[in-house]
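Shown below, as C-alpha cells, is a lone chain in the form predicted alone; questions about how it binds or moves come after it.
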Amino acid sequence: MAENGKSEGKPLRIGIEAIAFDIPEHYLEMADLATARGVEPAKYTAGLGQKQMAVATPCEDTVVLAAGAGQRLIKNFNIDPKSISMLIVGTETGVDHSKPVSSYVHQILGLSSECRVFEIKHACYGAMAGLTTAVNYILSGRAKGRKALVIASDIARYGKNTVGEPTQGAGAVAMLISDNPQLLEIDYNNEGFYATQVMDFWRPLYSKEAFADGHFSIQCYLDALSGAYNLYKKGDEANGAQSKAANGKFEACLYHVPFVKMAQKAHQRLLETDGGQKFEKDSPELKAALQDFEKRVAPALELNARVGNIYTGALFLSLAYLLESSAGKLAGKPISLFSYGSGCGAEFMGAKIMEGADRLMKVESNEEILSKRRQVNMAKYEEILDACSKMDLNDEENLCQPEKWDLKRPVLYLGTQNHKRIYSVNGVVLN
C-alpha cells in the first residue's frame, strides 16, 4: 500500500494505465458548413484549424459517449471492471441537475457497487479536476491496489447560424488511473493552478445551448495559462529545478483545444511568459514560436481537427493521439498538460510518456475509429440539430429510432418517459 507517496521506500509512480475515446458515428465537413453559411471555407479550415466536426444524433448523449469510451478502454486494455473503485465523469453537458452522468455509466459498464461514483463540473476543466482527484486517491493509499476511471464526456452545441457553430463537436475520453502507469506517468510533485470569476462562457439552467463572449474568453484562457504556468515555475524553482519551457524542458506541449488554432495562441503565450515579453508581429521571436509550435504542439492535434470541440475531453483527445502517433520517439521524455475551464479554472502539470505506450495504443488505432464514421450533408446535419433540441421533452410519442439515424453503437439513449431517461444496451432496455 502506498504511504505518503512511497511504495517500499521508492516514490510511487502514478498515472494513466489505459486510455480510449469515443465519438459520434457521423461527421460534417467544415468546408460544407462554410459554403452553406456563405463563408469562405478557409476561414474555418485555416482560420480555426478545423477539418471536420463530429455530429451527435439524438440517440448519442453525454452518457452514451462516456459509456462508449469506457467500454472501449475496458476491452482494448483487458481491464477487469472489478478493479475499478472510483468513477469520475467530468462534463459540462450533464443530463440532469441532480443525478450524475456517472451513475448511468456505472451501470452500463457493469462496475462493482464498491465504487465511489460522482460527476465534476467546471466547464472544460472538469476532467482535469477528475484526473488530479484520482491521482491523489491513488497517492493516499486509500485505493488499496484498485484503480480510478476518469471519463471526460461532452457535446459542444451552439445551434444553427451562430458564431460558435463551427466550433461544435462531441466525444468522450476515458482514462484509467493507477499505480501502474503503462502509458503516462504524472508528475504529482508540482502543479500550477489558477482561478478567477469571469463571465466568458456559460450555459444557464434554462438553455441547451451555451453562450460565450468569444474574444474575452480567449483572453481569459491566455491569462489563466500565464497564471498557472508561473505558479508551476515557482514550484520547480522551490525544488531546485529550472522550468523554462522555452528552453525545451518539455518534448511536447498539450493544451485545451476548443479549436486547433487556440493551441497555437496558447503556445505563443507560454513562450512569451517564459521570455517576459510579448512577441511583436513578424519578429524573430514570433517566427521561432511558430516553428516551435509545429515541432512540439501540432503533431498532437489531428484528432481535434477531425472531431471538433469536446470541451472537457479536448486536451485528452490530443493526448490519445500523441500516445499512438509519437510515443515511440517520446518514450521516457517529459511533456506538459494544460487545462482551461471557463468561469474560470486552469491547471498546468508535467508528465512522462512510458516505454511501449505506442504499442499498447495500437490495439485499435485512431484511424480505425475515425474510418467507421459516416459523413452527413447539411440537410441531415440540420435535421439532427432540430431533433436533438426536442429529445429531452418528457413522454415524446416517438422515442429515438436508431435506424433513422443509421446508428450501429451498442449503447443508445432512447428518450425520456415519466421524467426518467431511458437507455438500451445491445437492444435491451435498462431498468
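Keep in mind that what you see is a predicted model, and the values were worked out from it rather than measured. The first residue of the shown sequence is 1; numbering continues from there.
Just so it is clear, the following notes concern the form predicted together with ligand CAA, a form of the same protein that is not shown.
Trainee: Considering ligand CAA in the model of the complex, find the one stretch among 96 to 104, 211 to 219, 142 to 150, 272 to 280 with heavy atoms no farther than 4.5 Å from it.
Mentor: So the stretch in question is 211 to 219.
Trainee: Even though ligand CAA is not shown here, does Gly130 get within 4.5 Å of it in the model of the complex, heavy atoms only?
Mentor: Heavy-atom contact with ligand CAA at 4.5 Å: absent for Gly130.
Trainee: With a cut-off of 4.5 Å between heavy atoms, is Gly164 one of the residues that contacts ligand CAA in the model of the complex?
Mentor: Gly164 belongs to the contact set for ligand CAA.
Trainee: Since only the chain is shown here, I'm wondering whether Cys124 would be in contact with ligand CAA in the model of the complex (any heavy atom pair within 4.5 Å).
Mentor: Within the cut-off, so yes.
Trainee: Is the gap between Tyr229 and ligand CAA in the model of the complex 4.5 Å or less for some heavy atom pair?
Mentor: No, Tyr229 stays farther than 4.5 Å from ligand CAA in the model of the complex.
Trainee: State the residue from Tyr194, Phe250, Phe77, Tyr158 whose non-hydrogen atoms include one within 4.5 Å of ligand CAA in the model of the complex.
Mentor: Of the candidates Tyr194, Phe250, Phe77, Tyr158, Tyr158 is the one lying within 4.5 Å of ligand CAA in the model of the complex.
Trainee: Name the single residue among Lys390, Lys43, Lys362, Arg374 that comes within 4.5 Å of ligand CAA in the model of the complex, judging by heavy atoms.
Mentor: By the 4.5 Å heavy-atom cutoff, the listed residue in contact is Lys43.
Trainee: Since the partner is left out here, which residues of 168 to 190 would have a heavy atom within 4.5 Å of ligand CAA in the model of the complex?
Mentor: Sequence-ordered list is empty.
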